[in-house]
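Below, in structure tokens: the form predicted on its own, a single chain.
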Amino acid sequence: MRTDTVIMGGGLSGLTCGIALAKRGQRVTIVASGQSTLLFNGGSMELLGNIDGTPVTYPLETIASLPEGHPYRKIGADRIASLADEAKQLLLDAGINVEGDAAANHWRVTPMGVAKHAWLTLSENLRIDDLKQLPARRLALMCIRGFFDEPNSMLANGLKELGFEVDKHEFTTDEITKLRRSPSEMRAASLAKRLSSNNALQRIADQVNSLAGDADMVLLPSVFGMSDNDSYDILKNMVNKPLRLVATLPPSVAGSRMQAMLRHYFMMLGGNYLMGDSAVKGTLEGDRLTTITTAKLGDMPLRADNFVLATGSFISRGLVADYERVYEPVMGLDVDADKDREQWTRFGVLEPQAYSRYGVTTDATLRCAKQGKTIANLRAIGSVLSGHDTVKMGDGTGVSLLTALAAAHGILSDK
């Protein structure tokens, strides 16, 4: 099977790169093993949230001070602003309605009621631009009876600590009651499937309108719309007060929807998405990768002019660790990691963990290397890259989006 570019990995970085290439006329095949870490995303994208424990308010002003090995430094601090604008527009073009600016972070609210910095947030989600000027004074926090994925008391207390007045209300509807009596669990995805009809949404709106009182804004958990924004838009028009959603514990409806919308947009552009497959081996000829073999296609390898590694980090098995080493399993690429296993982790769950910075070795153009030799037509993007700590730096989605676009630009300029 011949194509212009093969992308190994169908998550945020892989889809972003694929869309950018397909929009410019490339024939692109994405090999996607299954659901991506977007399932853990509550509806916000981070560009750069922290450095050494200090919150970053103005990411574009701070990126130049990052270590040389950080992916942003590799693609060039002077390119970050334009790539960030391009990434936001790509999401909007895919139907993912986000708000935010790379020049200044805003605050998103976690399911635990903690405010964290973000670059882009879904327009339906609660967003705070300035903690000293809250978007509402009094909130009506609507809690779904029996719902597992929202720690309501912690959320309410966290919102109060941020300065909101919070009235907590519990409600149910016929659809929710039936779900509680079924073998299905009361999880976000199950609710989203049950609460998609206009009648179900109207019953929720009736409950919310009767309970909201003198609140300035209504908050509901993000359990509306697995594949599009229609359910939220309909509900918003039925509720008498401004309505915002709050992220739930994963798996996330918002993340699932973003994954589905990006995949739909990629395929609409003519992209080929091989769902439920994974790359298992690559064939090199000189300094170029010529084919990859996948688990399902077997003796029908994928051939392309360019390849992109977007397989993620340890959680997606883009990197693997055993008792002796950390390695990249498809190609055996060079990896930036400590050889001494005792250096991989530190005692204390809140301590910086060295393994969080591990990833494949790349040059300034994101090209990968094997045994010290650069592979001319293989680039790595997203979480599989070394040199940054997603948890401590709050940069994971930004790295995924921006390195994906940088790689796409590099491939297009090679032609």
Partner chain sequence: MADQMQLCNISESNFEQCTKCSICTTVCPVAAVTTDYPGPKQAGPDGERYRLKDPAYYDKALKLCLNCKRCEVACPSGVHIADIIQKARMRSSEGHRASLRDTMLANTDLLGTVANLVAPVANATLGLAPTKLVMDSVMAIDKHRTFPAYSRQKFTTWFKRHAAKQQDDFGQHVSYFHGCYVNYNFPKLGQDLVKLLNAVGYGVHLLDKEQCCGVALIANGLYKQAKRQARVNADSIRKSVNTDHRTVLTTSSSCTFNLRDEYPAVLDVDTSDVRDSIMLATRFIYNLVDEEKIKLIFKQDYKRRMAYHTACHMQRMGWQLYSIELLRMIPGLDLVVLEQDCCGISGTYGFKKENYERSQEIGSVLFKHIADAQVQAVTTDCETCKWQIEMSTGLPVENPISVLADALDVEATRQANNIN
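Positions refer to the first chain, counted from 1. Here the structure is a predicted model, which is why all the values come from computation and not from measurement.
The discussion below concerns the form predicted together with its partner chain, not included here.
The three residues K193, N272 and L297 all sit with a heavy atom within 4.5 Å of its partner chain in the model of the complex. Contact check for P55: every heavy atom lies farther than 4.5 Å from its partner chain in the model of the complex. In the model of the complex, at least one heavy atom of S182 sits within 4.5 Å of its partner chain. In the model of the complex, its partner chain lies farther than 4.5 Å from every heavy atom of T374.
Residue contact with its partner chain in the model of the complex: G276 places a heavy atom within 4.5 Å of it. Only one of the listed residues (R138, K339, K160, K178) places a non-hydrogen atom within 4.5 angstroms of its partner chain in the model of the complex, and that residue is K178. Residue M226 is the only one of M226, V335, A200, L90 with a heavy atom lying within 4.5 Å of its partner chain in the model of the complex.
Checking 56-64, 26-34, 364-372, 379-387 against its partner chain in the model of the complex, the stretch whose residues place heavy atoms within 4.5 Å of it is 26-34.
With contact defined as any non-hydrogen atom lying within 4.5 angstroms of its partner chain in the model of the complex, the stretch 195-211 contains no contacting residue.
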